[in-house]
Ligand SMILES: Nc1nc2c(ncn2[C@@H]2O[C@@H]3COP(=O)(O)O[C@H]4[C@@H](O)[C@H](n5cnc6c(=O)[nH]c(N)nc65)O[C@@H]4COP(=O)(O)O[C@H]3[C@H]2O)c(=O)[nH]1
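What follows is one chain in structure tokens, specifically the form predicted on its own.
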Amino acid sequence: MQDPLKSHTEALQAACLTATLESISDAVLMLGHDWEIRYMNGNAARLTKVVREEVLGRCLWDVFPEAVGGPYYRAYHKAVDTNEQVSFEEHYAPLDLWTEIRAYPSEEGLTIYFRDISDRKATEAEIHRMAFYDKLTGLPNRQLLLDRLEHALALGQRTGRPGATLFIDLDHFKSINDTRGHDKGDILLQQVADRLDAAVRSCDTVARFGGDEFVVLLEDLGTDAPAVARDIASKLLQAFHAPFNVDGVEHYSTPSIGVALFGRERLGIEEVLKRADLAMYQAKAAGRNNVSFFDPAMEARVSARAMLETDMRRALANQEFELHYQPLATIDGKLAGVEALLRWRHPQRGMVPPVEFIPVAEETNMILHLGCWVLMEACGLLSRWADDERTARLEMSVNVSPVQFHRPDFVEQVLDVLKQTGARPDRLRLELTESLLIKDVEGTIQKMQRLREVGVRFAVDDFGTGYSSLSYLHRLPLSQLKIDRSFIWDAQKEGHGAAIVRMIVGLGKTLGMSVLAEGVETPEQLAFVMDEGCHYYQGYLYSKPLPEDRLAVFFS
């Protein structure tokens, strides 16, 4: 006969255990050796969304059949088979529930403690998303791209499997931000991200690198990697053919894409990205909306340009730049003035051609310092000429860069130089390019008119090579058209140059402007421009550009 006191004690202990298990925050399941559910506390019923009374005594795998064969199933069997505790975290998809599990085997079966960690997992996922994904587009960000690129490079070097990095920059993206606002620009970026992601393979990575720049990482391209990369790049271009709907307004955008391949060659992350970036700028230089592949010659050109820029900054500090002056003549051979031309005497290379350093000066804004210096030097010489009756009537022509002209303080700069040097404004002629004239036409006209009021005159340099519009050409206070030398040379080859020269001369006369022919080098060319009615000419036939000391000899 069972001891009543012992039975009472065991019942009391069981009641205390049950009360404890009901009060703790963990969910608790107790299983028998046949996986039957012997006990389930309230938290377990709540989390698993079952009714305790209906599942007690039933097999765990009958109640939760979706778990059979999965992580829970394997972990619980491992605990029973090894008689050791198991701990793990797992997502139970049927309930969309993240759980932290601890299972303890015993002589009676298996006791399982688990708790809901869905909120913590959601927070961790959000932290991960913020750290590795772009907030605006949802694409991988720069950090995640660099991690994946590092892995891809290591894999390629080890296995020889080639890959590629595509650097994508949106053409003229700044215009939508400037004209419609940054919020509309953000809408465009989101749509661009969606199209790029849809155009690549599922194994590829599309990342937002920053601003309007995107990078696509292609891995395991196979034996014909260049062709596969080009095919994918072409699909990316095609993704931009249809207009984007930016807040109800159609907007067309195009990309410039640079491609850098990688494989067994030992390259670092920065080197691969630099190559793709260089190729992207090559695509822009080729007209935009284009694809360009990196090649070593491209890198050599960029290195040479960087070296040239460094040398130019040193040259500014060391005063290596100088002015040469090319005489201008009336059509009958009388000296009319000179054109001031910037020259660079490099200590090792000698005279560097302007066609090499002027574009770099404009891109880096060094042209602002150089342009001001040229104007000051030329006007200083023009002022000194006024004291000599042999030179007092001569004109000084100075080329003006678009970068310099479109500065808000350009007019004040010219007026200040004239005041400092004492040069006569009516002896100064500023030469502008056609590309300069077509940008901000109204603002250009206002600046020209302000300077024209004090006597400064203007000429259009290399006329005929740009895209001048006759609709506003007559509104500009111009006094001279300069015919580009290419038309003079072409006229002697029985090309279309003669007709173009004839047209420009007629246009100049109609608008009341003088016409100057550039690049006259032979008596035949001089005879031609004389017959066509040009008023002035310059070129090696009359004189090459001369430094100031030799110019004085030429005058005498």
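Quick caveat: nothing in here was measured; it's all calculated off a predicted structure. One-based numbering along the sequence shown.
Heads up, the form predicted together with the named molecule isn't pictured, but that's what we're talking about next.
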Where, among 153-161, 354-362, 211-219, 110-118, do residues come within 4.5 Å of the named molecule in the predicted bound form by heavy atom distance?
354-362
Exactly one residue in 431, 169, 311, 395 has a non-hydrogen atom within 4.5 Å of the named molecule in the predicted bound form; which is it?
431
So the named molecule isn't shown here. In the predicted bound form, which residue out of 261, 459, 417, 342 has a non-hydrogen atom within 4.5 Å of it?
342
Determine whether any heavy atom of residue 400 comes within 4.5 Å of a heavy atom of the named molecule in the predicted bound form, and answer yes or no.
yes
Applying a 4.5 Å heavy atom distance criterion, does residue 346 contact the named molecule in the predicted bound form?
no
Any non-hydrogen atom of residue 520 within 4.5 angstroms of the named molecule in the predicted bound form
yes
So in the predicted bound form, does any heavy atom of residue 545 sit within 4.5 Å of the named molecule?
yes
